[in-house]
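Okay, so here's just one chain, in structure tokens, the form predicted alone.
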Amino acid sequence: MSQYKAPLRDIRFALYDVLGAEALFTELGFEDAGRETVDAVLDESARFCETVLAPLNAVGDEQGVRHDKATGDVTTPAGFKAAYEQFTEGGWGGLGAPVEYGGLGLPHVLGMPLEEMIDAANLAWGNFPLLSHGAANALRLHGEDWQREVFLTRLVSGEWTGTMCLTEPHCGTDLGLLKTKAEPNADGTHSITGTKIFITAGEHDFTPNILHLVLARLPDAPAGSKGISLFIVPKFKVARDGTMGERNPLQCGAVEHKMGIHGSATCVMNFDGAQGYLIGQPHKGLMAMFTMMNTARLGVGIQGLGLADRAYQNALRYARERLQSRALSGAKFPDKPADPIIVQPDVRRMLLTCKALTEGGRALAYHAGLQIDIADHGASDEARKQADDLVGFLTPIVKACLTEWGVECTYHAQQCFGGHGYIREHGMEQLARDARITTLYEGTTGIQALDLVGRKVMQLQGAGLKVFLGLVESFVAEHAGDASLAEFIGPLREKAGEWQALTLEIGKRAAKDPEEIGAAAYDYLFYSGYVALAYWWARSVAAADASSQSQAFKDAKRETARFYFARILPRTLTHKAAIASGPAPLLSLDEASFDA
């Protein structure tokens, strides 16, 4: 069975030493977020995830959720509900929520280590509270005062949970095609009718009520995505004074049988004239929806990170224990009948890939989360604007790269086990199966790539990219004469310049042929991710050298950075060449000839 130990040392290193979060929290006015408080939050998060959630991971996979077709009720695996009760008692759902709505008012970025630990310990369980966070953000930013008082406070406390009801059987990414209807009622409510699919935590036994945030069309809605409105539709009707009433006419029609995350309820939700309240302005639901979606996309990126870390931990343990053959240069452990497989170069390749992508990815993700705090609490309009531009730019990179790297790392870790990785006993096959969904939900990797190139770079004129390149430029200038970092600074400077030139070239070519954007998107996204990670590895080495960490820790950071620059960063060469090839290799084959 796979084990999990929260990587607290590296989490603290990323927050304190690499990102300088302690000083920044003070600067942003988080008076209660001193190191003592933050450390206590991290320690208690680790305890909860290691002792409560992790033991339920295999249980959820084996039992799955049970759906009563007659009533629509869903029963979660044994122990899941009790774990949620402990979660709410601890106030974990309100960690970063404003105090006025019952939250603890701590920095948003502190929720990211908690999410990482939860997802590593038990991804399926973690999906139940995940979307409550997105729903809470949508209500906080777009809801009316009474909606925040009645609904938001209960989401923050965990008394109720929330969902995002966007996708329909015929309508996934292209929300302009959705058909769910919203008919106005005389009392100011709306009657919602339609079917939504792939609804995470759409039905469960954790809480007495579930708040569905549903995209639907009003009768006078214009066609396409500009005619979409957002509604809050509770499982049980709720009056404006917060009184819970009778069951709303909505029901879980089915639960999906999935490749992984068996303990997570993925529901088909049928709304049959269910009572709902409009959130925000009519026909302006996409704005609120993107608030939910962007929160969820960063959260899903963290899922990939958590699974990669757990897989790496178990592969490392196994590689140290498993005796098999001898090192090619001679026995490294002559007192044993064979050497552990960690002496083999290919096993080290897989382990170091996991270590480099996970530890670098942690800094990348936490930095993105920190921008949300700066965007909300920065001292100047310029600082807030730059942070908002930067988190918008980084969100598709975090979501796509960390989830794809999560799949890569869980498969590498499984491979380290050989045939033992393919059977249930060690739990590695579950991690590999669970990781696969993260690249699909909340926008596939291809959708993230199009969002990055089409919107964040072309439409917004690379505002976030300029901020990030500014960070790289400042770091390179600061350490230009530092001999201890020279091996990283030179390649980083070169790649940053190449990144900028590549972006300009895509824009120039896209002006003549719009297909250039779609053809370049996937490779541009990963090119961006690998260069961004090179920056974070260079910064990690500098931060480690300046820290009070042990010499062994500092040496490990430097050697892992060397591996990254030598073995992983060169992947950018392939992505650059693919971008240069243009749309022709993708579009020249006639559709009818695909099966020729």
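Bear in mind the structure is a predicted one, so any value in this text is a computation, not a measurement. We number the residues from 1 along the sequence you see.
Heads up, the form predicted together with a small molecule isn't pictured, but that's what we're talking about next.
- Comment: the small molecule is not present in this chain, but in the predicted complex one of Gln415, Asn209, Thr88, Thr173 has a heavy atom within 4.5 Å of it, namely Thr173.
- The partner is absent here; in the predicted complex, the one residue of Arg326, Arg349, Lys258, His283 having a heavy atom within 4.5 Å of the small molecule is Lys258.
- Contact check for Phe198: a heavy atom falls within 4.5 Å of the small molecule in the predicted complex.
- Taking the partner from the other structure, the small molecule in the predicted complex has no heavy atom within 4.5 Å of any heavy atom of Leu357.
- The closest non-hydrogen atom of Thr444 lies within 4.5 Å of the small molecule in the predicted complex.
- Contact between Ala375 and the small molecule in the predicted complex is not found at the 4.5 Å heavy atom cutoff.
- Of the candidate stretches 164-172, 475-483, 380-388, 231-239, only 164-172 contains residues with a heavy atom within 4.5 Å of the small molecule in the predicted complex.
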